[in-house]
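One chain is shown next in structure tokens, namely the form predicted alone.
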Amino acid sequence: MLYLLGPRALPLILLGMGIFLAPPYWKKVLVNTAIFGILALSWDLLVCTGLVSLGQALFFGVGAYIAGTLNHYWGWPWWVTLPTATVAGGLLCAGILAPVLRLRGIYFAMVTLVLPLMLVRIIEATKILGGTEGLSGLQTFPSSWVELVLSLAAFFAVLFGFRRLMGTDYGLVLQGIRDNDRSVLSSGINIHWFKAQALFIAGATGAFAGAFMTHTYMFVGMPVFALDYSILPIAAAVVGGMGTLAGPAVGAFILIPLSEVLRALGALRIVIYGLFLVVFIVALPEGLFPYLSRKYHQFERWVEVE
């Protein structure tokens, strides 16, 4: 029991210590880490379905703007804008990308990369939704404790829910589409409908992350469509292990605090950050989580036979 429980209980113990012992600044970093972890999980779900996205900023930005607009113009509280932005963002992103679901590989990835950049230029040219200045003065959470607990609870709910989902028959269909979509199609399953559903789930998850970040910083603007929100989930998945769901979560909890530790180095931060990624790609191409999992399960408990 302890052999199986140990790897699952250790992260919870460390996070519990971080919640109660970390200074206020690092609690804010922990919130950001949980949000980026959710965004990385949404990216990895698409990978499990065979859809490689280079534009998670689309999901993040759409959710952020929906929450910010509802709060700024209509005064909706955060506990209403969060679920609304989650569902509406998932539907909107799935609707935008539905016409290109038949594309595979780099072609689908290129479309997802271009869309956030197009939305930025549209907002800048038309000056809608605050234009280049964005929307500020938005409602935040009642306290830092509510913000921290809610972000971590959402992170673990998404992680546990996605891992359970991929273990069901529905998840096996998604993985079958990733491995050999033609075989799944020949069995009479509408793979495009399943891809649309996976896109909605991933889009809703990314939209929640964007909406949460909007209320955390009480601001929404064009930076929510920045490439950082597309690159960081991929980097977290590369470090942690793509297609494992737990891997991107581990990667996010390594990269985000690391970037804060290196912030004092100024421009050298990017150099060291890049070297760190290169080392992981070369030394552990499978990712940290699969490597540690394999090594842990190589241990055997020997008992005396009487």
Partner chain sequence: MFLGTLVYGIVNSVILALVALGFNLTFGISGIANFAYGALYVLTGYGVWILLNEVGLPLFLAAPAMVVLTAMAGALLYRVVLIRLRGMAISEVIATFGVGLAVLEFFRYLGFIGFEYTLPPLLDGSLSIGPVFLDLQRALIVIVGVTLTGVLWLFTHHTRLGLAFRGIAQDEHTAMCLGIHSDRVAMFSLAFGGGLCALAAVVILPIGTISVDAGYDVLLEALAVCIVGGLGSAVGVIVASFILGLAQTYTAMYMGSHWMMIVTLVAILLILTIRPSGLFGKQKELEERI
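Keep in mind the model is a prediction, meaning the values are calculated, not measured. Think of the rigid core as the biggest set of C-alphas that the two forms share within 1.5 Å after superposition. Residue numbers count along the first chain shown, from 1.
The form predicted together with the partner chain is left out here; the points below concern that form.
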L54, V250, I66, L30: which sits within 4.5 Å of the partner chain in the predicted bound form by any heavy atom? L54
I need to confirm a contact call. Of A157, M110, V80, V149, which residue comes within 4.5 Å of the partner chain in the predicted bound form, counting heavy atoms only? M110
Looking at the partner-bound form in the predicted bound form, is T126 within 4.5 Å of the partner chain by any heavy atom? yes
Would V238 count as touching the partner chain in the predicted bound form under a 4.5 Å heavy atom rule? yes
Answer for I256 alone: is it within 4.5 Å of the partner chain in the predicted bound form, judged on heavy atom distances? no
Answer for L262 alone: is it within 4.5 Å of the partner chain in the predicted bound form, judged on heavy atom distances? no
Do heavy atoms from each of I35, A153 and L284 fall within 4.5 Å of the partner chain in the predicted bound form? no
Which of these stretches, 113-121, 85-93, 133-141, 201-209, has heavy atoms within 4.5 Å of the partner chain in the predicted bound form? 113-121
Just give me the residues of 229-252, first to last, that have a heavy atom within 4.5 Å of the partner chain in the predicted bound form. I231, I234, V238, M242
Given a core-based superposition, decide whether the C-alpha of I254 shifts by 2 Å or more between the shown form and the other one. no
L277: with the rigid core matched between the shown form and the other one, does its Cα shift 2 Å or more? yes
